[in-house]
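In structure tokens, the next block holds one chain alone, the form predicted on its own.
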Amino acid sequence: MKIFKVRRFFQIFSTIIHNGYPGFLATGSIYTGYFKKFCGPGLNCYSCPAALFSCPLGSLQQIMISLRILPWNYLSQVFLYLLAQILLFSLFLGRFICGWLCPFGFLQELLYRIPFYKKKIHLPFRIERYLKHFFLLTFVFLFPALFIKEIGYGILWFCKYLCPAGTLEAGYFNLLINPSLRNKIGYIFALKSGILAMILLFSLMELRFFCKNLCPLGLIYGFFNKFSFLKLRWDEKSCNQCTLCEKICPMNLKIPKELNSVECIRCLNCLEVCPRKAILLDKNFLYLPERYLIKQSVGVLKNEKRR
């Protein structure tokens, strides 16, 4: 249980750090100081009154909506600055951020602990595996760059229409501390509230529903799982095909086949429960296919062994 407890500590600590500005209690407004120059690693809204850092997804959208109005020499500097931050997170940690540092991921785990009807939600043709690709490509990159308002400025599409963290942290939190904003509630907020309610409901039913199906930020980090400093390795000689690792995996992965896939959030649950210590955490930047690329799962190996 050691890893479970350590991970929970990091999740709580990270959530506090992401939202470590108490000044909003006196000012009634969001923090816009020095730390907002930096992105927090997890999904945490810029406009949350307690937020200390910017959101990587919001920052990416800001660059996309600025493509037509800002000079390229300035925009390239901002882009490289943001890219350096995201690459730093991605190359060192990959989706370890999702499993250990993301406030919205932590919220989903807390919700799932509430007694409620539990069910794995599968969409036709396994489309749930590709929804976050669609949202990243369209709502984070294409739509902010292509659709321009009359004033020549674009819209933060993912933030404005979809992001559940933004609705919860910025929308409802700001309404609590600024009751005058209630007069400005419109259909967009109602739409986002409906999306938030649906995501929270599904998160009660399925562990980390948003992470599995919808989160573009997790997808970005997941692209680097194979090449990040932290990787998972399976030791075939130690494994007894008990399948405990697959049963405890919150992302329903086939292990070891998908240990370093885009979907793995590096929660280390599999490493913790393995009775033979057949799953190991490697710390290096080298991706060796013969070491990390396994084409079968323990479930398949177990069935083959029975035959």
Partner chain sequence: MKKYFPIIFVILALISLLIGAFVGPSFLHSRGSILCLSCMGLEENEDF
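Residue numbers count along the first chain shown, from 1. Please read all numbers here as calculations on a predicted model, not as lab measurements.
The same protein also exists as the form predicted in complex with the partner chain; that form is not shown, yet it is the one meant from here on.
Checked against the partner chain in the model of the complex, the candidates 156, 232, 93, 101 yield a single residue with a heavy atom inside 4.5 Å, and that residue is 156. Taking 131, 175, 145, 201 one by one, only a single residue has any non-hydrogen atom within 4.5 Å of the partner chain in the model of the complex, and it is 175. Considering the partner chain in the model of the complex, the lone stretch of 37-45, 265-273, 238-246, 252-260 in range is 37-45 [heavy atom distance within 4.5 Å]. The three residues 81, 84 and 227 all sit with a heavy atom within 4.5 Å of the partner chain in the model of the complex.
Although the partner is absent from this view, residue 70 contacts the partner chain in the model of the complex, with a non-hydrogen atom inside 4.5 angstroms. By the criterion of a heavy atom within 4.5 Å, residue 188 is counted among the residues contacting the partner chain in the model of the complex. Taking non-hydrogen atoms only, residue 122 never approaches the partner chain to within 4.5 angstroms in the model of the complex. Taking non-hydrogen atoms only, residue 32 approaches the partner chain to within 4.5 angstroms in the model of the complex. Residues 159, 160, 161, 166, 167, 170, 171, 174, 175 are the members of 159-178 with a non-hydrogen atom no more than 4.5 angstroms from the partner chain in the model of the complex.
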